[in-house]
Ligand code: SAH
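Only one chain is included here, represented as structure tokens and corresponding to the form predicted alone.
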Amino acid sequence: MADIWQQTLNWQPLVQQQNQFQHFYEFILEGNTQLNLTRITEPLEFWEKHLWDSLRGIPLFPIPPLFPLSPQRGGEFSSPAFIDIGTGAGFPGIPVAIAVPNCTVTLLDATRKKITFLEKIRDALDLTNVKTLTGRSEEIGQQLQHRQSYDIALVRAVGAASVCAEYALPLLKQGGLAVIYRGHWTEDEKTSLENAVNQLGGVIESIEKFTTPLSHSIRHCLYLRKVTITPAQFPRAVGIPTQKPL
């Protein structure tokens, strides 16, 4: 897939990264027998819908050794701290950790069995830049050691966009970026998202539509920039964001 990586992301994995992707795939197949991690197990489909899709969402390619995060932070250079909210089988967090070794990625999930499985993958692949965290994002977002602590929050296949925004923005530093992965997207959804993001101290920086390279499926990524401190009442208590979206 080297040519497609280059054409679509202006990036190619090193041999070590290719091996890590391959071993990751094998671990997922093995774990799938017990944890029901994904229905996508055919090699090309896994590459496109999990690996490529995970990396297509992050606005970091081509990757220099260090890169500026945002104008709000004075264009300073830093190795970014990612959090993958509701990581599940490790997407997009583990592909990001493999592709961007100078970042740190915290994998957050409420299911302890999944986190234990991902810790085994982390250790086997020698991903020293990966941390794990078990808990609900509504609770984690109110904890001082995590609130306003991350540069980039990734949310993929978790829920409605406004719910994802409520999970992500409290965890971001001012100037940080939330990346919400979606399939189809409509203008009606954008209106409700704008309302939510305004309450959470953010703005919709961009909504990007793209096509996957093999099946030519439509995808969207929503980029939300945190411009001011999120009010203390957000995120609301466990379950409330999904029951009563902003």
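All residue numbers are counted from 1 along the displayed sequence. These figures come from a predicted structure and were not determined experimentally.
Below, we refer to the form predicted together with the named molecule, which is not included among the displayed structures.
Of the residues given (79, 149, 143, 111), 111 alone sits with a heavy atom within 4.5 Å of the named molecule in the model of the complex. In the model of the complex, the named molecule sits within 4.5 Å of a heavy atom belonging to residue 158. In the model of the complex, residue 131 stays away from the named molecule, with no heavy atom inside 4.5 Å. Although the partner is absent from this view, residue 135 contacts the named molecule in the model of the complex, with a non-hydrogen atom inside 4.5 angstroms. The shortest heavy atom separation between residue 88 and the named molecule in the model of the complex is within 4.5 Å. Exactly one of the stretches 96-104, 149-157, 171-179, 120-128 approaches the named molecule in the model of the complex with heavy atoms within 4.5 Å, and it is 149-157.
In the model of the complex, 167 is the single residue of 159-186 with at least one heavy atom within 4.5 Å of the named molecule.
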